[in-house]
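Below: one protein chain in two forms, given as structure tokens, structure 1 then structure 2.
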Structure 1
Amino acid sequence: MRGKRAIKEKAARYLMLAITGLSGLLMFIMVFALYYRSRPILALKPLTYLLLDTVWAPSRGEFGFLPFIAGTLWVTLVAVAIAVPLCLLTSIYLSEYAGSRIREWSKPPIDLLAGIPSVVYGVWGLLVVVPLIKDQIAPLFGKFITGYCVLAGGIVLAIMVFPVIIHVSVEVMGYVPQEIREASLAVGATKWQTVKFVVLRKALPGIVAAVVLGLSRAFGETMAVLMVAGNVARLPKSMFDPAYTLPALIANNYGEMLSIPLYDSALMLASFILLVVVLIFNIISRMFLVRIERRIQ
């Protein structure tokens, strides 16, 4: 009986190990497949040229990715600039000031934000954010635009990354030992001084990880940004200029005009660049989370 049980446990352990290994292997397969499909254009044009060229004209064999990379960075950075202060203040309140009832009641709305499909955010952006920018915000700065711009994409993305940053930040602050807070209060520090100089300092790596996770989510978002950012393939110079992101480029064009030489390979290269950047963001966030776990232990 013991022998059969040991065999079953060993088989189960190896099965779970194989499934875990397969899950990790899938990422390498995706990276290799995208790189392999990108080789035709990389064989003809240097990567630096493709990344830094500003002309996107597939019919003439011009595949400059800089407008799409710049558009992605503009929209993502605007989203993070809006989301980080709001999420940080919300996380501090939920972790340090709110009562248990408020914390419990706040979880469902935050979880609901995480579960709403991106196309719904896009429709909301079309109906609310775009007209608001066109009629109210842009005229304040002397701009008269359609409302489809970097700022519209940034606002929609900021709301989409709220749940990611808030959840991780609240969890990280919860890891800070209560004894440290009590020691700070015991020596005469106020509640806010304790939060500012003790809790936030101790939880800083985890908060940075939360921001990086939100950044990676924003960087790869497609539908919502596609619907409100304008989709004009030129370098944005301000928040009120239209932008064209890498995910929107792939979603808009894949499956069309693939008879043009190198067009398919160019879109695969865009997917490869996007995947590599998101992987880097996630690796950085994981490093920060490991660091804070070691510091707290």
Structure 2
Amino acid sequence: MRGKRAIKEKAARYLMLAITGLSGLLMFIMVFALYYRSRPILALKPLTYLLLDTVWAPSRGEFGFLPFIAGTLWVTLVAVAIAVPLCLLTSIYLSEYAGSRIREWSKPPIDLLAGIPSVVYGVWGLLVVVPLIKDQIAPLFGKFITGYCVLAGGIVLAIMVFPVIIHVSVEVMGYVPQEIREASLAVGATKWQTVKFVVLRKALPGIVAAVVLGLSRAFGETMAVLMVAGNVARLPKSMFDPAYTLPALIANNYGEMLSIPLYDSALMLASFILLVVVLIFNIISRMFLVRIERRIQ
């Protein structure tokens, strides 16, 4: 009887260890698999050409990724520019000013916002943001466009990254010890001064991490952007130009991928670029967060 238990124990231990080890390696496996699949195109064209050329014509064998990289950056930066001030002010309010009641009540809606599928955000963008830009915002700037543009993608994405940034920054501000706040208030600082000089300064690395996490979420978001940003493979020159992002490129062309030579390899290269950029963003922000957590404990 005892032997059986010991054997079971041992078998379970090794099985669990294998699963744990494998999942730790998953990141590397993914990087390697996507790299391996994008090798055919990397072997034929130099990376600098692929990243910096602006002509995208797979049927003629031209694979310039710059329009997509620029499109992704434009949409992401617009989203972050909208989201960061709103999210930081809201997080400060929730963490420093609001009572515990409001703070508790704010959690379910934020979770809900995080849980809404990206297609639903896309539908909202199509129904609300695109017409709004077409009829109201663009005419203000003397532009007459369809509404499918960088700004539309940016607005929809901004709302999608709200929960990420708010969640992480509220948590990080919660790590700041109550005593330093009290010390600051005791020497006569106002509440806002305490926030500005004490809380924000202490929580800064964590807030940077929150923003970077939001940035990387926006960078990889596919469906919602695909639905509202216009998808024209040209370098966007303003917020009212259409943009084509890397994820949208991958999602839109899976159908014809296998019929044109090198096309599938090019799309896998797009996923590889996306993965590497997002991994770098995430690793940096997680390291910030680990450090701040450790410093406080």
Partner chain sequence: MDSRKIEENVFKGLMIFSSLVISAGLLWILAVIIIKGLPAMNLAMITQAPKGGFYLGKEGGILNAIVGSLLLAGGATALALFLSLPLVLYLNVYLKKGARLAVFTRFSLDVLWGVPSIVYGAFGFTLMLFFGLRASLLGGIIAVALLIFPIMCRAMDEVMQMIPQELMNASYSLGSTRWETAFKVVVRQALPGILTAILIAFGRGIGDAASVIFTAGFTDSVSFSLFRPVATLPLAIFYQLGTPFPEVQARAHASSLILTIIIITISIGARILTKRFQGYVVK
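No experiment lies behind these values; they were computed from the predicted model shown. When a residue number appears, read it as a position in the sequence of structure 1, where counting begins at 1. Heads up, when I say rigid core I mean the largest set of C-alphas that superpose within 1.5 Å between the two forms.
*Asks:* Only one is the form predicted in complex with its partner chain; which?
*Replies:* Looking at both copies of the chain, structure 2 is the one that matches the description.
*Asks:* With both forms fitted on the core, give yes or no for whether the Cα of residue 18 moves by 2 angstroms or more between the two structures.
*Replies:* For residue 18, whose C-alpha is compared between the two structures after core superposition, the shift is 2 Å or more.
*Asks:* Relative to the superposed core, report the C-alpha shift of residue 9 between the two structures in angstrom.
*Replies:* Superposing on the rigid core gives a C-alpha shift of 7.2 Å for residue 9.
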